[in-house]
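Next up: a single chain in structure tokens, the form predicted on its own.
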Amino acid sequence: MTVTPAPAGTPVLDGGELISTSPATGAEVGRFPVAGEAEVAAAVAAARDSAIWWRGLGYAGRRARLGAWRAMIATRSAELCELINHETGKPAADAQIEVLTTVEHLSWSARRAKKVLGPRRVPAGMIMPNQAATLEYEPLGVVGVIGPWNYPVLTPMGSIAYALAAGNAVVFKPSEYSPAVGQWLADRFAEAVPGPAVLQAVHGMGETGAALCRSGVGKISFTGSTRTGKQVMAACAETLTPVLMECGGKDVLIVDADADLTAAADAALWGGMANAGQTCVGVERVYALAPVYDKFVEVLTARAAQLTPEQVGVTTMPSQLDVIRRHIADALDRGGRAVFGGLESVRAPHADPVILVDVPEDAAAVQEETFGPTLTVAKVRDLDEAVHLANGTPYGLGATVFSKSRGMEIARRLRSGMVAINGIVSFAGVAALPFGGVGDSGFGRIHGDDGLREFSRAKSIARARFAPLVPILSFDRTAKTDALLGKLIRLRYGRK
């Protein structure tokens, strides 16, 4: 096996090829042709032709073919999990949870698409009683998906599966840190649905993504950092290409005074440390009410001591270790304390769990996305302070609440797209729930009915069933008609 001179896991360009390596060992995972502007344009052109065929299959035809793809992914899930582990360093057991959730979403979107997007009659209203009003949704044609590496199957498939179910073809640019996983998905689709290029993968660095943004696709669905997301939006603006943005997060967990502390600590630990903390909807901040703070920290640190490096996984991007180290150092320099781990916990390719307390709210570890296995835990006086601080960052992706009596109350006060109550990231596994954020966490939604509509355009049709009793939209309208309309306005809408 080839070992590249770059840090383990760093993608390398070799001529016209992208070389993917394991972050754990540096072993080569695969080589993939780099798609430049011409290659991306060719892929999009082929997708446009294929989209006509794919749309023509109808909902039933697409559902059958997506079912075949889903079955193939499920049957070969062990192979896929091993590849995820090899290419990203994610523990295989966690990869299996990712694949399980993915096939659930794939199944749900294929079954649900017709009900959500198919033609349906809507009321014509009082002023147009002669009209039959119909609403239906058309596919966009070709959707470009720019995926992340931290959840290289579940996250992009939240766009791919729903876009395909809605009748679109897809050109998928996987992260340069996980091209093998992305290509595996495209190859399995080609096996399940041979023929037209309905789903294609194109590979490369940022330039390939920029070419996809400028290629004239019907929409770009992007997952990544807020900084890169702004660059994607700028590129898409050149062609007025609409975008869906799923960006970073600084997700919070609130521990109420009546919370089950064992369950809350377990959720905080898994949400903060699983996949080496590389989860956009994981937990990075915890606010515990004063009466339970000390006990919560005690339970949390005791549980953290039981974790093994194999359970946590490795840091996929070597450069992220510098961010983790900087956040820990800044917190400690500004008076924070490490009650578990510390700067010595950052040791390539691993970052071991670190739990910080007494960290100022304006510290980098509280305000910036760390994307590593760290937690800041703060004591708050009451629920109002907890909510105020929870809403105190520019992000607003997911959140978690542990409370026996006030879970819904707290959830509704949080500025976030999603909330899990007495559980952790449970909203991601409910296919019917939309997934997305607000603020610097982006906009638009994958998953759920909203996710299907995200990859389609509404088509409104009004059909005259008979001549109007009163000719409103005509120059034949008389003064008597105008007086009647004035009277109608006052009678129907003038009452408070």
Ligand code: NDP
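Worth saying up front: this structure is predicted, and the values here are computed from it rather than measured. Start at 1 and count along the sequence shown; that's the residue number.
In what follows, reference is made to the form predicted in complex with this ligand, a form of this protein that is not presented.
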> Any idea which of 145-153, 113-121, 92-100, 182-190 reaches within 4.5 Å of this ligand in the predicted bound form, heavy atoms considered?
Replying inline: 145-153
> Which residue among Thr301, Gln231, Thr241, Ser77 has a heavy atom within 4.5 angstroms of this ligand in the predicted bound form?
Replying inline: Gln231
> With this ligand left out of view, which of Met408, Met205, Ala71, Ala305 would have a heavy atom within 4.5 Å of it in the predicted bound form?
Replying inline: Met205
> Going by a heavy atom distance of 4.5 Å, is Val292 a contact of this ligand in the predicted bound form?
Replying inline: no
> in the predicted bound form, does Phe371 have a heavy atom within 4.5 Å of this ligand?
Replying inline: yes
> Might Tyr162 be said to contact this ligand in the predicted bound form, defining contact as any heavy atom within 4.5 Å?
Replying inline: no
> Would Glu87 show up as a contact with this ligand in the predicted bound form if we use heavy atoms at 4.5 Å?
Replying inline: no
>> With this ligand taken in the predicted bound form, which residues across 224-248 come within 4.5 angstroms through any non-hydrogen atom?
In response: Gly224, Ser225, Thr228, Gln231, Val232, Glu246, Cys247, Gly248
